[in-house]
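We begin with a single chain expressed as C-alpha cells, specifically the form predicted alone.
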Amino acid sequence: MTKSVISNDSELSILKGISFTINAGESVAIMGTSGAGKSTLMGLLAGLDQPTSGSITLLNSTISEMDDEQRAKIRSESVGFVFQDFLLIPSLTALQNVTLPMLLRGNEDETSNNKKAKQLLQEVGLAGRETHLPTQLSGGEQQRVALARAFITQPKVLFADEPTGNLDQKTAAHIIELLFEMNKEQGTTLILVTHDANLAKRCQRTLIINDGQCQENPC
C-alpha cells in the first residue's frame, strides 16, 4: 500500500509499499520520527483516507474499495478513536460527550445511553463529574472523558493517536493504565501511534515507520 500527495505541483510520496497484518485482539504501536507518516498510516487503516495504491482490509472488509458512506458505517459500528487533543465538543457535558457516538450510530435510547456513559465515567474515575463541561475539566480529565467516549460503543478496533502527548508524566501514566485496562476488558484491538518508547513497550508488537517504509520486524 502506498500514499502520495501533490505538493507544489510535484508528487510527494509519504508511504511506500507498506504491508503488514494486525490480528484481532492485538495491541500494536506505530512509531517513527515526526513526519514519518504515522498519523497518515493510522488515517488510512481507519478508513479516514484512501491509499494511492494497494488495498486495506479492516474487520474483513476491503475499505479501500468502499465509498465514504460505507467506510463511515464501519467506523460508527466497530471503531473507536482517542486523539492527542481530546476533541471533545465544548458545549456538551462530559456525559453528553460520551453518549454522542451512540446517538451518531442511531441509538436514541437516552436512559440506556446515559447508564452506559455513567458507568464508563465511573470506571475512568470521573463519577460525579457528568455535568461538567470540557472547560471545567483538566487535560487529564478531558482525556478520560475521551477514553470513555471511545469505549461506549464497545469498538472492535481502537485507534489512539498520541493519546498522552498533551499530558504531564503522572497523568499520562494514569491514562495509559486506563487505556490498556479497558482494552483488555473489552478485548479490543488497539492500534497506537506514539513517539514514546515506554508506551510502545506496553504493546505486543511495534511497527517502525521510517522514510515511508515499514523497516523492522514484524512488518
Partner chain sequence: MLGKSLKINKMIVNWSWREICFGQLWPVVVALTLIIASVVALSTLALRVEKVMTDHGRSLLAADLVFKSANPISTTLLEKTQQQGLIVSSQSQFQTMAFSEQKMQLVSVKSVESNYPLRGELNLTDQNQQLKHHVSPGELWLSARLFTLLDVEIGESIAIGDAQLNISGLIKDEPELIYNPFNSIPNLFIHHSDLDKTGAVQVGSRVNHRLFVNGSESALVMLQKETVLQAGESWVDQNKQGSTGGLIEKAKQYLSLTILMVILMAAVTLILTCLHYVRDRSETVSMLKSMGASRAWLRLWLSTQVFMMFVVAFVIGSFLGLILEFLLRLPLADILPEQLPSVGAQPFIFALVVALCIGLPALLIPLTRLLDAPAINVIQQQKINYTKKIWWLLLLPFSALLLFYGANKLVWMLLIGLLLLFVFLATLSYGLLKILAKLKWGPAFSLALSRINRSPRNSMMQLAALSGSLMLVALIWLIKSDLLGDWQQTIAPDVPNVFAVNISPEQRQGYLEQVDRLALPRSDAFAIIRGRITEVNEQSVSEHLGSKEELPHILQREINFTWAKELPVYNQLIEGQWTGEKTVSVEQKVAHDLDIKLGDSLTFEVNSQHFSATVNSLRSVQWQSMKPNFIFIFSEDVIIDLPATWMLSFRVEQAQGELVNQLARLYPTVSLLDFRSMGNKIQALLRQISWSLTGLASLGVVSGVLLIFTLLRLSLGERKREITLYRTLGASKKRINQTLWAEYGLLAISAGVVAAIAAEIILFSLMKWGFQLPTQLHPSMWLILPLLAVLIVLLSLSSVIKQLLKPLR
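Please read all numbers here as calculations on a predicted model, not as lab measurements. Positions refer to the first chain, counted from 1.
Although it is not shown, the form predicted together with the partner chain is what the next lines describe.
Worksheet item: Considering the partner chain in the predicted complex, which of Ser39, Thr52, Thr171, Ser61 comes within 4.5 Å of it through any heavy atom?
Response: The option sitting close enough to the partner is Ser39.
Discussion item. For the partner chain, considered in the predicted complex: do all three of Pro163, Gly165 and Ile208 come within 4.5 Å of it, counting heavy atoms only?
Written reply: No, the whole trio is out of contact, none within 4.5 Å by any heavy atom.
Quick one: does Leu48 come within 4.5 Å of the partner chain in the predicted complex, counting heavy atoms only? Flag for Leu48 set to yes.
Query - Any non-hydrogen atom of Ser91 within 4.5 angstroms of the partner chain in the predicted complex - result: Yes - in the predicted complex, heavy atoms of Ser91 and the partner chain come within 4.5 Å of each other.
ask   = Is Ala127 close enough to the partner chain in the predicted complex to count, meaning some heavy atom within 4.5 Å?
value = Ala127: no contact with the partner chain in the predicted complex.
Could you confirm whether Gln119 comes within 4.5 Å of the partner chain in the predicted complex, counting heavy atoms only? Output for Gln119 is no: heavy atoms all beyond 4.5 Å of the partner chain.
Requested in this report: Just give me the residues of 61-83, first to last, that have a heavy atom within 4.5 Å of the partner chain in the predicted complex.
Outcome: Read in sequence order, the residues that approach the partner chain (within 4.5 Å, in the predicted complex) are Glu69, Ala72, Arg75, Ser76, Phe81, Phe83.
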